[in-house]
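Just one chain follows, in the form predicted on its own, and it is written as structure tokens.
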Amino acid sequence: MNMKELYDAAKSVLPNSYAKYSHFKVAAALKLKNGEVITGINVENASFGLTNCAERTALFTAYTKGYRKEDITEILITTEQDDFISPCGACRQVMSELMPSDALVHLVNNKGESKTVKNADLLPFAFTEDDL
């Protein structure tokens, strides 16, 4: 699967985003080593702290299915925005723990343009289990 197919998977679920309050839809597509793609969308709540981002939805779904960190190769995040949007702080922390540090993170805008970084680059001083 190439990045275009990953982008198409994320774009196909973007309309399902529940962004009733912010009207800021986000979708993610997580690629696993076996080729499976798991998608996620943001789901908002009137109590904004209870909102769940697309990246975490995809990751939590993968873990629910029994996949783990070593099974993940990349994630693609897209929105309806013309600008590049990167994961929020909470998502960066979760991605740091639940994805390999060298997993690719593709940020794709509404025009289909992309920027790619490694997961570790998003949160260089992550809080880890070693800090406990």
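Each residue number is its position in the shown sequence, starting from 1. Small disclaimer: the values here were computed from a predicted structure and weren't measured.
This next part talks about the form predicted together with a small molecule, which is not shown.
For Thr51, a non-hydrogen atom is located within 4.5 Å of the small molecule in the predicted complex, even though that partner is not displayed.
Contact annotation: Glu44 falls within 4.5 Å of the small molecule in the predicted complex, judged by heavy atom distances.
Interface membership of Val26, defined by any non-hydrogen atom within 4.5 Å of the small molecule in the predicted complex, is confirmed. Contact annotation for Ser12: none of its heavy atoms lies within 4.5 Å of the small molecule in the predicted complex. Site annotation in the predicted complex: the residue of Val94, Val37, Ala103, Ile85 reaching within 4.5 Å of the small molecule with a heavy atom is Ile85.
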